[in-house]
Every structure is written in C-alpha cells, then in structure tokens.
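Listed next as structure tokens is one chain, alone, in the form predicted on its own.
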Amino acid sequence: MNSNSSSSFQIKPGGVISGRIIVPGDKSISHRALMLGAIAEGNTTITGFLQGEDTLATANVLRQMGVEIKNDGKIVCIKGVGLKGLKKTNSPIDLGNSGTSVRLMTGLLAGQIFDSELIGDKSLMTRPMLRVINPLRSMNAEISCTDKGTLPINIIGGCKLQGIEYELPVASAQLKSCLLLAGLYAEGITTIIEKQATRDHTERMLSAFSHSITRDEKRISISKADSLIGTDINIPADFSSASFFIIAAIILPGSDVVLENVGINPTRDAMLKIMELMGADIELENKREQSGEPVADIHIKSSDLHGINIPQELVPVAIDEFPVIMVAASCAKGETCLSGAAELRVKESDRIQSMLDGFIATGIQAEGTEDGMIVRESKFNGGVVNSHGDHRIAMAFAIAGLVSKETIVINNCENVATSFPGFVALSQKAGMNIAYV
C-alpha cells in the first residue's frame, strides 16, 4: 500500500447511491473559455469553472502571457488582451498533465509573433504530438518536437499562417480545436473534415465570442478573425465526471440518484446510449440550453445489465468514459466487446492495458485486444490496483469497489485532482464508503 496518505483510495463494498448530486464544471469547456476569453476584446466572466489542476494550469500560463485572470474559487473574470495581445513568457510554458491544454495552446501559439516552448509533466512529455504539429506545418507554422513526436514543442513566432483544408486522420476534438484556434490567425479559410463527429465545444464557444464557424455536413470552416468579443459563460457540470456516479447508481442495487445540470452535448453523451443498450434505467429531466450547450438533470436507477457489442459509431464520442463503462460491463450478463478504441492506448496511460491489469488484480474475466477489450460477467474479489497515475482509471476502480466482495485499494491517485477535485468528498456524500489511506 502506498505510504503517501493522500495518494491512495480505499473503497469498501456496499452502500446505496442516492440523492441529488452536482459534479464539478466541464473540463473541456473550461479550457476553451479561458483561452478564448484571453484573446477576446473586453471582459469575460465564467461561472461553473472547473477548479482542477489541468484547467488551473491553463489559467496560469495565460497569466504568464500577460492576461489578467481573477479567480475567487467560484467565478473567473478575464480581462481579454485581444488576438494580438499575448506576450512571450520568460520560461517554457508548463502545462502539467493536461493534454487538452498543450494541444489547444499549440494551435493558439502558432499564430503569435513570439517564440514559444511547451512542456509538461513526465506523463505528458510522452504523449503523441505529431497529430497537431503536422497540419500546423501545412499552415506554414514553423514548429518542432522530439524525434519521437513528443514534447517539448518549439514554435517560432511571426509566421504568416495560411488556411488549409484538412481531413482528420483520427477522431480528435483536440486536433480539430487546435486547427480552429490557428485558423483565427490564418489567411483565407481553414476547413476541417471529420469523418466521425467529435466534441463541438470550440465551435459553439466561438459563436458565443462573436466569431461563428460554418458547417456543411462533415466540413467545418473558419475564417481569419478581426476580433473576438468577451462574454459571460455558464459552464455545465462535466459529463465525464458525472459518468462515474451514473455507473455507480446503475450497478449498485437500490440506488436512485439525480445528477443536476449536466452537459448533454450530443458529441459527448454516447455513454448514455451505450448504457441504455445494455439495459440501464436512465431518464433526462429538465432539458434546457445554457451558454450554447444543452444540459439536463440525469435520473438514474439501479438496473440489470446485459452484455453487448458496443457500436463502433459510438466509440469516439464515449472515449473518455470507457474505463468506467468496462467496470459496468463486468456486472452485465454475458459478454461485452469493445473495438475501434485504439485511442485509449495513448491517453494518460495505456487505458486498455491499465484496465486489464486492474481487472486481473481484482478477479475480473477480461482480455485486451489491439483496439479494445472483451469483458465477461464476473465478480470483483477485492485487491490492490495501480492506476498508473491515470485519473480515470483510479475513479473507475473506485466505482468497482462498490460491488466488490472485499475492499479495493487503488494506488497512485494523485492525478484525480486534474479533472475532479473533491471526488472523494462528493463520493462519501453520495453514499460511497471511500477514504484516503
């Protein structure tokens, strides 16, 4: 067991998940609101901002580039510097563990007049970056990374970006958003073609900041911007964070919970479709729109699940939720097959292997494939799991502990704070027997 009292979780089985729960604000939208607010004219006020390590890293580097950002823990106020108002930092731009930050910031910085160097923590320094670097080079950016295609990324300022037409080789909202941000600075039109729909938070938020994009079926186009206009942004609860409580309520007998004000953007909510195909009792209540994003209260009751072949068209949209979806699969009758999810191997950890390691350690019948996993109905026996420093692996096995025969201990959970600060306290309030050890 890890001797660091703040880095390991212990979950004892049993309990009931009940009541009304509010999870923290959406991480993806928080990043985008910060970046667009920083380069807008005038003031931007953000409510519902995720106070997590990843988003705070984005705020910190924007401050280093001369943006005034006030954050009282509830409301974030940004005094925008305009499209050309960012300044060169005195040291490399350190984005910690945040893949979203580094990929989006690379697109934003490609259009600046100053040089930049982007770095991150040990995990982020190993993650693939050529997917954003290569198309930016096609836009005339002068940009480089290591021979392995990883951080540090070095950008030479002052290049005159040119719009391109680019088909995404993988379904990646981070890549799409990187190119849209670069497109704000590029001459002509930048058009992105996506074969499979990905998160469209950037497109929605650009409209909120008074610079609309055009969409024609699978083609998304953006023109060079003269200015963005500051605005008020109200961020809904993060669907990916809500997913852990959704699965907890489904698999824990007697549970009945409502998750309030959750973003149900159709480019994010495929997990709900997958769970309904597996037999889950889920109802969306009080549907509405908030700052251009659809939101609802999600009502979940414990359910008997059955295994399925997960439809491949749903896989890219549910990519972040698969660790906890596969926990639910172990509780479903029969066999659940996931394929087409090779992207899981290049997240904060190799999530296919990390989940498989945890399943083996706790008694679940599962096997990994090159691009997915097969999970068979089985029972968690308890044991010790290594999260490999991956926040979603840690939280997924915390949910597994609810239906385990014995206690589950999860080590290396420090990075949960990157996306879900207060996870343990909120889980305890909801009825889980979880503690730091």
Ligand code: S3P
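The first residue of the sequence shown is number 1, and the count goes up from there. These numbers were taken from a predicted model, which means no experiment stands behind them.
There is another form of this protein, the form predicted together with ligand S3P, and it is not shown here; the text below is about that form.
With the partner omitted here, the residue from 265, 255, 100, 261 that has a non-hydrogen atom within 4.5 angstroms of ligand S3P in the predicted bound form is 100. A single residue from the set 191, 112, 172, 231 has any heavy atom within 4.5 angstroms of ligand S3P in the predicted bound form; that residue is 172. Across the options 40 to 48, 364 to 372, 394 to 402, 26 to 34, residues that bring heavy atoms within 4.5 Å of ligand S3P in the predicted bound form belong to 26 to 34. By the criterion of a heavy atom within 4.5 Å, residue 79 is excluded from the residues contacting ligand S3P in the predicted bound form. Within this chain, residue 131 lines the site of ligand S3P in the predicted bound form, having a heavy atom no more than 4.5 Å away. Using a 4.5 angstroms threshold between heavy atoms, residue 204 stays clear of ligand S3P in the predicted bound form. Mapping the unseen interface onto this chain, residue 151 falls outside it, with no heavy atom inside 4.5 Å of ligand S3P in the predicted bound form.
Contacts between stretch 192 to 224 and ligand S3P, counted in the predicted bound form as any heavy atom lying within 4.5 Å, involve 199 alone.
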